[in-house]
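A lone chain, given as structure tokens: the form predicted alone.
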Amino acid sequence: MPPVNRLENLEAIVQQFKELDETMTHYSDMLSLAGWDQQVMAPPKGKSYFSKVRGTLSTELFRLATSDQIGELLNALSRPEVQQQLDAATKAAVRERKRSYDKDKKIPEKLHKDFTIHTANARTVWEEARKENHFEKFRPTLERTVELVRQYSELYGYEKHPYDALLDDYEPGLTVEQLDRIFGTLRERTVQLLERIRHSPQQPRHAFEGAFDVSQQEKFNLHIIPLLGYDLDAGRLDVTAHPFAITMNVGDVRITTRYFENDPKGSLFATIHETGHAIYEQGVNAEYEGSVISSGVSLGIHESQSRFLENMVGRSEAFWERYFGDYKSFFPGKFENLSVRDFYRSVNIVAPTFIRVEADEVTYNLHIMIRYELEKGLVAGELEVKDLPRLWNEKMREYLGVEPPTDTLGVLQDVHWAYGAFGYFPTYTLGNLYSAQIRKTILKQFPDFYDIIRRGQFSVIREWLRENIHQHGSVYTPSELIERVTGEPLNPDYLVEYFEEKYSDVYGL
């Protein structure tokens, strides 16, 4: 490594780093493509081979990401006097690569490969167990996943709780101590609001009755998502067991959904949710393409964009004042005697449900808290996989007052544990918190926010989001970004304020 005290040497080192950064990003892009194909397009008999392919690609990427070459480059570029000479994008890329390098360097290559192959296969086992309502079929696989996750946590290292080491993968800097405090306050105020809603005499009526043709559901989804800003020339909509968004590059951001004939609302809002993720990725500055900073900065910020679009736009009265007529035209005869107001109240019914992705805004965070407490206990060794079905149902009764009749509707409903994403779930609630704070800021700058939606001019809001959030990719850390956008650190009060305002109107509180 040449000394970096001369400009020409610095330029050479930066160029070497950028070339290696791009190579690693290409590996990541191909891993994403292989993962999408395995989940969406591959025939059942071909899925296990994809697990091996992903294991090989991931191992090669891991070798690059922990190589002496990248280590030397990162050490040279992390020196304070060198950092002062770097542009913002390069400095951010160095920060992100070094954060990963410092963690990955602690993980043996064999453990990384075993984890990648195991979790790729685990998804297929989970799909089968979920379909058959057979937790015991998935249990040995999940036990192995938890064992591997515990090893990762110990190797990463932590100060207070082993779960902190895993949280950092999804929301850098977040800790159990912070989450327990935030969740404790949010749980208390949510339960208080729920009690008022339960006792309201003004209960909304259910608008979705009977069967809704799946092909018409898909057609409406394809009608609405471009209007919200999703570029179908840079993406596509497909079907899978668990909706997700995935990025190959800025010009290729794909989303998936699922359809149920008797539940069109679930597919509709899942699709809008994933569209929020995709618009974020499509809006990243194209100059960052091929770099680690070319994607959203954290899962919490990412989730803020999907929850903002799904709930604060898609479930708003203004949205349906504009698009209810369109929706009715896809399902002739279904909503003929229903007013826009009644439809709006129907899509905002608050009622405990078994399924997280179908939960209303108010109870949704309680679903997250259940998962958080269970996986935190698993990682710490305080709980065991064999007890999950019982513990899940106990917490559902305690938090939501309902008990799933099957494991498919209970402990097997989410894919996250199948692919080893422990530490992921809390970012959903963080996304809700961020989105409420972002909404508050938008309302200050656009007092006519809901009139803009009512006029179908969502491009105004999308451009604001692109300018302030999307274009930056991972240039700023999550805490830097939220403070830059809203003028203050994360403030949970805004979410409760939003709930109070909205549901006092929906339920006449």
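Model, not experiment: these values are computed from the prediction. Counting begins at 1, following the sequence as shown.
Same protein, other form: the form predicted together with another copy of the chain, not shown, and the subject of what follows.
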Note to self: Considering non-hydrogen atoms and a 4.5 Å limit, which listed residue (Trp464, Trp36, Phe62, Phe449) is close to another copy of the chain in the predicted complex?
What the structure shows: Trp36
Notebook entry, point to check: Tell me, which of Arg484, Arg455, Lys440, Lys52 has a heavy atom within 4.5 angstroms of another copy of the chain in the predicted complex?
Noted result: Lys52
Notebook entry, point to check: Any chance Arg236 has a heavy atom within 4.5 Å of another copy of the chain in the predicted complex?
Noted result: yes
Next item on the list: Answer yes if any heavy atom of Leu232 is within 4.5 Å of a heavy atom of another copy of the chain in the predicted complex; otherwise answer no.
Entry: yes
Check: Wondering, does Lys45 line up within 4.5 Å of another copy of the chain in the predicted complex on heavy atoms?
Finding: yes
Margin query: Although the partner isn't part of this model, could you tell me whether His242 comes within 4.5 Å of another copy of the chain in the predicted complex, counting any heavy atom of the residue?
Written below: no
Margin query: I need the one stretch from 72-80, 85-93, 286-294, 157-165 whose residues put non-hydrogen atoms within 4.5 angstroms of another copy of the chain in the predicted complex.
Written below: 286-294
Note to self: For the stretch 261-282, I need every residue with any heavy atom inside 4.5 Å of another copy of the chain in the predicted complex, listed N to C.
What the structure shows: none
